Every structure is written in C-alpha cells, then in structure tokens.
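Below you'll find only one chain, the form predicted on its own, shown as structure tokens.
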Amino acid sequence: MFLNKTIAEAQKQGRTFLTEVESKSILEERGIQVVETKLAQTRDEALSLSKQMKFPVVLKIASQDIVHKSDVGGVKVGLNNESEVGAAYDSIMTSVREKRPEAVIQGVSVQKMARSGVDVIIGISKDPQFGPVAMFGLGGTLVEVLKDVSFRLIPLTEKDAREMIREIKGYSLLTGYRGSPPCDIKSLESLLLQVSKFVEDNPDIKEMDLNPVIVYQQGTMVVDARIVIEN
C-alpha cells in the first residue's frame, strides 16, 4: 500500500492539517497537474520566488491553523511586480496576526497566477458508515451558494466519473455555454479517477478539497488544495 512520506511525517508531528504546499506536493507526486507553489518563510523569499516564477503571482497565508484563508485577509491575487508583492506580504501578515493571533504561521505560499477557465471543486469526506465519499461541483464560492454537487462512494469507476460531471445543473458551463469553448471533460474524468485512487492508497486521508480546479480546453489545473488526515 502506498504511504506518502509527507503524510507519515505530519502524523509523527501530531498534525492533522497539511499545508497547501504539502498538499500540492503530494498531488504532484501522483501525476496530478497543480499550479507551481512554493513556501516563502520571509518577505525577501516571497520577493525572490515571485521573480523566479515571473509575474503575475498570488500570495496566500501558509498556516495549518487557518483553513479559510480569504476570511482573514490571507490571499492576494494578480500581483504584477516586486512592489505589489512586498505590499501584499505585509498586508497579509498584519491582517492574519490581527484576526488570528493564535495561529502558527509558516510563511506564505507563492504561486503563479493561473489563467482563467471553468472552476470546479473535487472534495473527499469520510463517512463513518460507508467510508470515503467523493463530491464534484462548480468551484470557487459557487459551491457554497448554489450547492450544485454530485456524490459517489470511492472507489470511483469510469461510469461514476462520467455521471458525476453530467449530473450537476451547471454541466452546460463545461460543454461550451453561449459560445465559450468546450472544456476537456475527458481530462476531468481522469482527474476524478486519479483522486479516487489516491484516497484508496492513503486510507489515513479524512478530508480533501481541491477548490478551485480549473478546467481548460485541454487539461485541468489544481489551483488550491487542502488535505486533512487522521490523527
């Protein structure tokens, strides 16, 4: 059975929440496309990484104690130069320390600003009776507002993946709504199956949110990821 070293190390440390950087690293190891994301522990590191990745970039607070980063002013997007990155870093740190003074802060994650597409969410939760359950729906804040989602028990079959995508009311957004180009639904089906297999191989995963996952004409990209493991 596959056991990820990052998960094993977190369990040794008594942690249940993996950071965004850790979560994306795990997914990337399994061949899942993620936005390049690196941890900056200082302001200078954030500036250096931003220049390496090339602008525009995104900064997000990195803390195992903070799940909803936007709620504490912990996300800054569309940063186009060093001056904007520096100001964003300062703003994030000030806001987070004010709103969540007890949180342990690792730094900020620095990532390339992803090009636009259709945002979807893939989620995993563990039901005490049935085991791991997969969820699919429109991503970003739409999932909370519309609650347009579908569910299946893991392991997913190819038929499950096809049906989950087509069951949601917003499916037309993926097929080319009002002249927009159709999305790569086959790639999205493959991603659902990859996530299902990953959870099968790592039974210590309690929850996982990939939100948003951007679906393009060709391929998909995980922009944000959160993994919770059993303690």
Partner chain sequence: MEKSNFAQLDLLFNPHTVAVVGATNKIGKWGYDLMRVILKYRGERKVYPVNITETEILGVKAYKNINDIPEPVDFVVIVVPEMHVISVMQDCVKKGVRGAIVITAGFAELGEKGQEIQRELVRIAREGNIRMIGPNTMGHFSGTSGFSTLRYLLANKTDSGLSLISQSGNIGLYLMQRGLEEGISFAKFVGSGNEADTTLEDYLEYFGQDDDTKVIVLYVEGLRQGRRFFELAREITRKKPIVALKVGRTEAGTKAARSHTSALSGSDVIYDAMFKQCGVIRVNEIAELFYTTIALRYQPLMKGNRVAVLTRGGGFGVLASDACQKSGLGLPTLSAVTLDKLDKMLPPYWSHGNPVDMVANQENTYSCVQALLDDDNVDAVYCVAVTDEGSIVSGVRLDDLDDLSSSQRENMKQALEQRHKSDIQDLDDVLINIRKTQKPVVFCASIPSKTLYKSDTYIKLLQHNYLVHPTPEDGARVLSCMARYSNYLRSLK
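Small disclaimer: the values here were computed from a predicted structure and weren't measured. Residue numbers count along the first chain shown, from 1.
Quick note: we don't show the form predicted in complex with its partner chain, though the next part is all about it.
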(Q) Contact with its partner chain in the model of the complex for residue 216, defined as at least one heavy atom pair within 4.5 Å: yes or no? (A) no
Q) Is residue 123 a contact residue for its partner chain in the model of the complex, using a 4.5 Å heavy atom cut-off? A) yes
Q. Are any of the heavy atoms in residue 132 no more than 4.5 Å from a heavy atom of its partner chain in the model of the complex?
A. yes
**Q.** Distance check, residue 153 to its partner chain in the model of the complex, heavy atom within 4.5 Å
**A.** yes
Q. Among 35-43, 60-68, 175-183, 22-30, which stretch sits within 4.5 Å of its partner chain in the model of the complex, heavy atoms only?
A. 60-68
Q: Note which of 90, 82, 127, 98 lies within 4.5 Å of its partner chain in the model of the complex, where distance is taken over heavy atoms; exactly one does.
A: 127
Q) Each of 17, 167 and 208 near its partner chain in the model of the complex, meaning some heavy atom within 4.5 Å? A) yes
Q | in the model of the complex: members of 81-105 within 4.5 Å of its partner chain, any heavy atom | A | none
